[in-house]
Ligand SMILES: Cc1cc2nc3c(=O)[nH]c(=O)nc-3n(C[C@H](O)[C@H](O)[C@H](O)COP(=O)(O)OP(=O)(O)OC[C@H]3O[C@@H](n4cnc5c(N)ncnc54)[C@H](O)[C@@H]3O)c2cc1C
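Shown next as structure tokens: one chain only, the form predicted on its own.
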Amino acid sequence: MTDFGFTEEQEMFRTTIRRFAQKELSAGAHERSKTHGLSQEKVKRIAELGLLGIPIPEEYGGQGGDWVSLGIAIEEMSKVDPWTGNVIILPALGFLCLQQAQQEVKEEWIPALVQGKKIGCFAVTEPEAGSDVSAIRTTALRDGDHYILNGEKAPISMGMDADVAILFAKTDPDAGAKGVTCFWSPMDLEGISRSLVVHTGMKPTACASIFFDNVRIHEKYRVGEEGKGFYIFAASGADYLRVCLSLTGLGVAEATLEQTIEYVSQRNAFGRPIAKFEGVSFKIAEHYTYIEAAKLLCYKALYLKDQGLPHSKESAMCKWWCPEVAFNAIHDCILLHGHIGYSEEYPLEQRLRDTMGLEFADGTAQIMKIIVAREIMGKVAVPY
């Protein structure tokens, strides 16, 4: 294998993002982790630096960069403030899903997302339809040149702050997956309401229940053909989103491990630093190894995306394994800190609750393993 690793430009970009995160995101990050909703001031600053449009073409105000660089930004920002940094995921996700939208809609919304003037959310999940997207009940029924939306989406990350939703609804309620259609739904339409869903972690993502009560949406906001929404979800957004969330968790775990290394090197017991005890140092070595291996898997998936190659298997492997790696690392770091790590005065316990949410957000481990098995063995491995 040749050219294994990051390019010189990507390494320079990593250094730039790391300095930015330490300088402008670290202050107040622990307090923000306990607050519902995004810091609009931080979002504005991230937009000013062009970080909301890293892989988006320049014609829409983006940087025209590569997907690996986007992953680098997510990892580095997540080490400091994962949920403020997480905002850079949504514009690229919106761009991917809007590939089949009308040009008018693209020109109206993509630059606004890149500039941080608008925030989006990904509205797939429903109270009784999470992993089984074909079972969603929200309907979008034709009425002339409009559709009438009815239903509930919950819980939806960024739902309370979002100006627009990438919405999936049934245009044919009896057709299963073939009846799902994708819409680009502005959140100021009459009949849309929302309420906060209080979770134990990931609070800045401001999860919401979003209600659609006879909402009229113009057909220009339909993305692609009727009945092709499931394909748009699977082919455009799902793989990318899974890798990004995986890198978010790994960034949090890296920061926690770095802090733990410093702590065990200074904390004395039995007359010596506790890092000298193999029960401590071996745990550090194990989690450092797992995190490094998990990161390589994530960057391989993004590299394949940059090359225009299939990466569903790799992204599913990332999504089931990386959040587990992150959670286990943070859990052991808390134990190595003892009661200090368990205290709410320090960020470790909050990080544990945050990464637990990543284990099921946008795809459970069980569903990811089905995808991996299907990609390896074919349909014979699919249980439904």
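All of these numbers come straight from a predicted model, not from anything done at the bench. When you see a residue number, it is the position in the sequence shown, counting from 1.
Only in words, not in the display: the form predicted together with the ligand, which the text now covers.
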**Message:** Test of understanding: in the predicted complex, would T138 fall inside 4.5 Å of the ligand by heavy atoms?
**Reply:** no
**G357, heavy atom within 4.5 angstroms of the ligand in the predicted complex** = yes
**Message:** I'd like to check something about T125: if you look in the predicted complex, is any of its heavy atoms closer than or equal to 4.5 Å to a heavy atom of the ligand?
**Reply:** yes
**Asked** Counting only non-hydrogen atoms and a 4.5 angstroms cut-off, does G179 reach the ligand in the predicted complex?
**Response** no
**Asked** Which residue among G224, G130, G237, P111 has a heavy atom within 4.5 angstroms of the ligand in the predicted complex?
**Response** G130
**Item:** Candidate from V105, C207, V264, V215 lying within 4.5 Å of the ligand in the predicted complex - any heavy atom
**Value:** C207
**Message:** Residues P155, G363 and Y384 are flagged as a possible site; in the predicted complex, is every one of them within 4.5 Å of the ligand by some non-hydrogen atom?
**Reply:** yes
**Prompt:** Which one of these stretches, 130-138, 184-192, 269-277, 68-76, sits within 4.5 Å of the ligand in the predicted complex when only heavy atoms are counted?
**Reply:** 130-138
**Item:** Contact set, 74-107 vs the ligand in the predicted complex - heavy atom within 4.5 angstroms
**Value:** none
